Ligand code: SAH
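In the block that follows, a single chain appears as structure tokens, in the form predicted on its own.
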């Protein structure tokens, strides 16, 4: 059965005409799906009952099914979806308050924004030992339609307009390059979220970083670095044995030269593993000539027998201070933890149910 999510207006026009419906019906359907995040043909009230019945018989609005929806104490929501093939994937919806704002004439504070963390694969082949998704192994790539549908499904369920997209859920996005690229373009053109509000995170797939640099997309590229040495990164990000640290950083420098876009370096802080001040110095020297920001990520436990521990706040502060000394001019932030109590935080997505419902 044909899923309508992922089809652009021209493709919808061709489809409705094949079904014997008037061409203008495509614009109505398009608006219901992409502007209103509709998931039920019966809600398309400007279509006749006959047209709705025909659409239900011949097509579907997406293919995902909701398994569970959990809400964290901080308001973060985690959605566990089932694909048409019976696999499970997770998506996360986060709310961020406006930090820099001015009140309007009525003394009202402008609202914050909603950000969606979406998955690009079922499971993941990179197998980083500190990431719960890595324990699932790799099952398959998601289609562009399945990627887009996560955004629309969350908008439908939450009745909130999503402003930012991060490809930081399950999977390595650049290992599903074609579908991810198609989904970005559809999200921009059909869902209406600008590419400057889209971030793609990679563990360092150099050939695809090089390809992405030629696409003329103003997205933000983020590198999951997590260690500044090959020895340490071989353990924490196993594909480093194929694409070593210096080669990955060089590919990012080339990406910046071609796109004129600042990249983000992601670094999870692991107690006694990668948080030494020597590591901070090496990291600073490594990225001092790279146009980038640095995001230090508090580690989120994945299991009761977890061998890793979170770096304490004092060490994170010291690490950040040394890093600033060795790569002046970089913005270094510590990511604010969200959704930890429902296993929705960074590195925790493993198709499990958290402690709160």
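Positions refer to the first chain, counted from 1. Remember, predicted model here, so these are calculated numbers, not experimental data.
The protein also exists as the form predicted together with the ligand; that form is not presented, and the subsequent description refers to it.
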{"query": "Contact of residue 320 with the ligand in the predicted complex (heavy atom, 4.5 Å)", "finding": "no"}
{"query": "is_contact(residue 224, the ligand) in the predicted complex, heavy atom dist at most 4.5 Å", "finding": "yes"}
{"query": "Contact flag, residue 30 vs the ligand in the predicted complex, heavy atom cut 4.5 Å", "finding": "no"}
{"query": "4.5 Å heavy atom contact, residue 302 and the ligand in the predicted complex", "finding": "yes"}
{"query": "Contact assignment for the ligand in the predicted complex, among 290, 47, 38, 297, heavy atom within 4.5 Å", "finding": "297"}
{"query": "Contacting member of 154, 283, 212, 131, with respect to the ligand in the predicted complex [4.5 Å, heavy atom]", "finding": "131"}
{"query": "Heavy atom of each of 62, 143 and 187 within 4.5 Å of the ligand in the predicted complex", "finding": "no"}
{"query": "Per-stretch contact check against the ligand in the predicted complex, the hit in 156 to 164, 84 to 92, 189 to 197, 263 to 271 (non-hydrogen atom, 4.5 angstroms)", "finding": "263 to 271"}
{"query": "Interface residues of 149 to 179 toward the ligand, as seen in the predicted complex [heavy atoms, 4.5 Å]", "finding": "167, 168, 169, 171, 172, 173"}
